[in-house]
Each structure stands twice: as structure tokens, then as C-alpha cells.
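One chain comes next, on its own, written as C-alpha cells: the form predicted on its own.
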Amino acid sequence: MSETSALAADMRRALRAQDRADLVVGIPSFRNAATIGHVTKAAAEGLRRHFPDKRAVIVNADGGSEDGTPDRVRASADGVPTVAGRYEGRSGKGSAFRAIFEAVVLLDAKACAVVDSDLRSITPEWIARLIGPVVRGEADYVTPLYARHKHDGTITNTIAYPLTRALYGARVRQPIGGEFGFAAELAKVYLGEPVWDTDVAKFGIDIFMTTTALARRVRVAQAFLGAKIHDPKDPGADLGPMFTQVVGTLLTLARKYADIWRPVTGSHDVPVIGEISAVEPEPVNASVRVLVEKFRAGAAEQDKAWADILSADTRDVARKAAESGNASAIGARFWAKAVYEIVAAAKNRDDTEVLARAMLPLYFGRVAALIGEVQGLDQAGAERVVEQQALAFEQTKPYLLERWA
């Protein structure tokens, strides 16, 4: 393990005391005592029920919780060997994942699944569907596929999904979903990337994992997991820092992998593990008023950045929409064009966090517009709107290539 390991000394000693493992289930956490016991119990049952002949270890990489989170993990593992402790390095989900990747290598495991610690809908079958395709040699990387309320997953719906699909040509519906399965070889690849002092150490980790897998052209599958019920966040109230970290990472990777995504046209389906069934997720509140207020305030704050980054036409429409509070002007095709202008700006700039902040007001406007577009629609209807937006990104990609060149 390197000198900059995210594994704390006590975690490393505990892992070395374990026998080699075939499988690892990793759970990152920070102050999740209320929910992590259920997650751990479901993971343990999934390992016992679906992989009875495999040696498995549950690894909890914690961010320094003071509510007894690691103790809940140890108490809920039902006999499955468990290593729980605080990781080292920058505070964030990505650093926790880094410690889990290192645990996979230290245990000489063959496959790993990672699951969020605030899940209330996880079942033992989630573990089977996330890690099973890797164990069976059917896939190297497995992303989640679940039903989410039409106001949930707004970063995924507006930017992570349509941009990843248009750039890399794969219809990975939840590229930043939080639950993943992957082969040990990918864990080693992730550890070898010099990204752990960047936003990848925070919420950029999910898009980093998915994009790296797509860029390396490994076999990707999606695991249908039903409804995702977790601790949801109002897109207007809570998601600004997460947005800048995800989008900043996305922009950095777009620059790195330009030679891979530029020749890509269209997109293809990604295989799904498990039968897709109709489920009704819990509703998520979203305040259009707050979103529009953030759109207007952010537009004023980012006016100079917009002048440097956006085309005159895009800037003019965005300014007028913000001044009038008319978020509906941020339609799917306009949104795709604006996103591509910011992606193209990343070609010759290292300050991707600045570029992500410039996109943030437009994101608030786009989410407000999207809420209006799906108003009165059921989940299936709302999903069709998201798919139409993703298609708009594909069809507008020539504009990105033009700007990039």
C-alpha cells in the first residue's frame, strides 16, 4: 500500500488479519447510524444467500462519525467478517471509496460491490445483481438501474446521463447512482489514477468510476434494483456543491478522453441484469420558486464568467430568462448547446471548478423548466421527457465538435 493510502493503520491491520476474500462489499459512511445497520444486514444476507461458497468481507470506510456508525456496522453483519473504521485523506465519498479499493487489493478479492449507507430500500438481491455479473464473468462494471421519483436525481437527469450518453455512446441511465459492482482489476485502475487530491475524492467519484470504465471500453451492465429510497435532497436547496464536484470531474475527464469520445456517434443500449418491473418511488419535494431564485442570483453572479465562456446568443437567452424568471426558456436543446459550450471551454482550461460554477445557474433554470415539462406526467411519462432530452444531446453533439475544433 502506498504512503498516501486512504486506509488508516487500524483498518490495514484488521484487513491483514483477515484471510483472503473472494468478494468485498464496501459501504462509505458519515453519520449514518440510523440507516447503515439495515444496509449492512441486507448486504450480509445477500452474500450468504447468493454466494455461499465465496469468502466475503464487508468494509465500512467512515468519515469520522461520532454517532456510532461503525459500531452499527459491526453489530449488523450477522457473522460476515467486517472491517470498519475511519479512512484517511481528504474528507469525502471518494476518499472512502479509495480505502475500499485498497481493501479489495489487500484482500486479493476478485470482485466488489459498493452501496450507499443511507439506503432504506436495499434488499439482499441488490448484492446479487451488482456483483453477480462480475463473478460470472459477464461484466467488468455494473451500474444501478432503479426507479426514482421524477424530481429526484436531477444532476443525473439533466447532465450526468445525457452528457455521458452523448460523449461515450452508452445509455448508462444512472452513471452516478451510488451503487456499483466492479472487478478487482478496475479497483487497481482507479487507485493508479492521480486524482485523489481533486473533486474525485468527494462527489466526483461516481462519474469518475463510470467514465473511466467506459473510456477503457470494459464490459458494462446495469442492475435493476427497483425503487431507490434514501435520504433525498431538494435540488434547489442542497445540491450546489455536489453539482460542481460532479460536473468539474466530468469536464476534466472530457478533456482527458477527447480522442475517445470525438468519433462516437449515436448511442447503444447497455444490458440489464434482472427483470424490470413497475415500482412507485417515494415522492421528492422540489421548489420551483427556490430554483428560479437561484437561477436569477447565479446569473448575476456568473455574468462575467458567462461573457468569457458562452456564445453571445446563448448568453443573451440565458440573461433574459434569468431577468424575467422565465426558466421555461431553458429548454432541452438550448440546455444541450449551453452545456457543450462549457465542455468545449474545458479543452484549454484547467479551472474546471470555475466552469462548473458557471453552469450551476443554468442547471437551476433547467431543473425548474424540467419540473414544468413533467408536471402532470406519471413516472413513465417523465422518463420519456428525460430520454428526449438525452436524444437532444446526441443530436446536438456536432455543435460540440465544432466548438472543440
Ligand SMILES: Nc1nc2c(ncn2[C@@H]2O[C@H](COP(=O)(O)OP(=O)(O)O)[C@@H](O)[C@H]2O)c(=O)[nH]1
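Since this is a predicted model, take the numbers as computed values, not measurements. Don't overthink the numbering: it's just position in the shown sequence, from 1.
Note that the form predicted together with the named molecule isn't included here; everything after this is about it.
- Note on the interface: of 360-368, 375-383, 51-59, 22-30, the segment with non-hydrogen atoms within 4.5 angstroms of the named molecule in the predicted bound form is 22-30.
- Though the named molecule is absent from this view, in the predicted bound form it lies within 4.5 Å of a heavy atom of just one residue from T249, Q222, T164, S117, which is S117.
- A heavy atom within 4.5 Å of the named molecule in the predicted bound form is found for one listed residue only; from H230, R315, R74, H149, this is H230.
- Shown here without its partner, the chain carries I127, R129 and I276, none of which come within 4.5 Å of the named molecule in the predicted bound form through any heavy atom.
- The named molecule in the predicted bound form comes within 4.5 Å of a heavy atom belonging to G63.
- When contacts are judged by a 4.5 Å heavy atom cut-off, I207 does not count as touching the named molecule in the predicted bound form.
- The closest heavy atom approach of G92 to the named molecule in the predicted bound form falls within 4.5 Å.
- Although the partner is absent from this view, V80 stays clear of the named molecule in the predicted bound form, with no non-hydrogen atom inside 4.5 angstroms.
- Taking the named molecule as it sits in the predicted bound form, the stretch 174-210 comes within 4.5 angstroms of it through a non-hydrogen atom at just one residue, F203.
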